[in-house]
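As a starting point, one isolated chain is supplied in structure tokens, in the form predicted alone.
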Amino acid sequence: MEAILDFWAAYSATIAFGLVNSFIALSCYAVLSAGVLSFTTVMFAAVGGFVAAQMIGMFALPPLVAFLFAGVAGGVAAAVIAVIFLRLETHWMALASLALVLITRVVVLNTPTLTGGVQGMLVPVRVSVLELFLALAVTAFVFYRMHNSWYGLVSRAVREDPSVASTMGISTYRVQFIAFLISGAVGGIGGAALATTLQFISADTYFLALAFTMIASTVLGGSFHWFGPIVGAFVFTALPTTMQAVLPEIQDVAKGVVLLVIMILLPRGLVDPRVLKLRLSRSPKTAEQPDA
């Protein structure tokens, strides 16, 4: 029992940030699964984070209730952004979403009544790890159901080849618009989770570092299955702590080397459904043929 308590004392913060980063990575995966590379998750997270902070500060709402408001706010922001961004080609959309991250920072700095401006904003309530886990479990269940639904099938078709999907009667715009809405809602919840974990947010909280965490977690875990971003988020979050314990002198270099090795050996990420299916098809049981 004492060992468990020691482990929890040492790594509870890492687990909490792994849960938070899972929301951010899933938001990125939501649009990437429909063939869209976008950094708009950072903007959705900022909207959700500041909305949750205001709801908690003004109305003393519990964190999970504030998460709902943050998700709705992120979804509304995503609907507006999708109408504009889905007119752009893929590479221009990626550049525009990066520009949106910079614009978001400027807006946060120049709206002190809503965001605290350069001083930032305190969040008086801290979300528990159990609450984060419950929120992530519900979100993961939704992604699980979507993966096996009509939407999951058509989004994978759009990602593989939008032109072929269009000839099959699939509306690429509709699928990608829905993907943006999902990304906005999950990104807003992720921003609220980050705000209530840090208990302080500012313009720097939702900036390029969060974009890097989002992309690294999604690619590392695997962008071809909804469970990949969750795995990637925990691995990416745990790497600094692990490297600090093993190689404290060169922890940043070691972390970079480990990431490179994983990505070179597993270019499709740690969770790859295609590899799993190939292994199952080559297993001795499936390879056996029934006697004639």
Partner chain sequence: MIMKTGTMRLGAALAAAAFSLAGSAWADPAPGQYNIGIISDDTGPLAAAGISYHRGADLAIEEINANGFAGEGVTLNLLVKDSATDAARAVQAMTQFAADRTVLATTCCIITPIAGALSPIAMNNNLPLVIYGATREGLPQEPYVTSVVALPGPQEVMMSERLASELKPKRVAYYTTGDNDIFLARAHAVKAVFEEAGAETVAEISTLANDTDFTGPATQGMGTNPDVIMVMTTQQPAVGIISALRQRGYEGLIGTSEVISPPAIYQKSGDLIEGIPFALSFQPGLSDSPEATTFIEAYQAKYNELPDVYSAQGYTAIHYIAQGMKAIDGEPTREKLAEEMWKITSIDHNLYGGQEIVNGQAQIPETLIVNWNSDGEVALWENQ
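Quantities reported herein were computed from a predicted structural model and do not represent experimental measurements. Numbering follows the first chain given and starts at 1.
Only in words, not in the display: the form predicted together with its partner chain, which the text now covers.
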Legend entry - Candidate stretches 44-52, 57-65, 242-250, 225-233, one within 4.5 Å of its partner chain in the predicted bound form by heavy atom: 242-250
Inset, instruction - May I ask you to check whether residue 79 falls inside a 4.5 Å heavy atom distance of its partner chain in the predicted bound form? - result: no
Legend entry - Distance check, residue 198 to its partner chain in the predicted bound form, heavy atom within 4.5 Å: yes
Inset, instruction - Consider residue 109 of the chain shown here, and say whether it contacts its partner chain in the predicted bound form, taking contact as heavy atoms within 4.5 Å. - result: yes
Legend entry - Proximity of residue 130 to its partner chain in the predicted bound form, heavy atoms at 4.5 Å: no
Legend entry - Stretch 12-37 - residues with a heavy atom within 4.5 Å of its partner chain in the predicted bound form: 12, 13, 14, 17
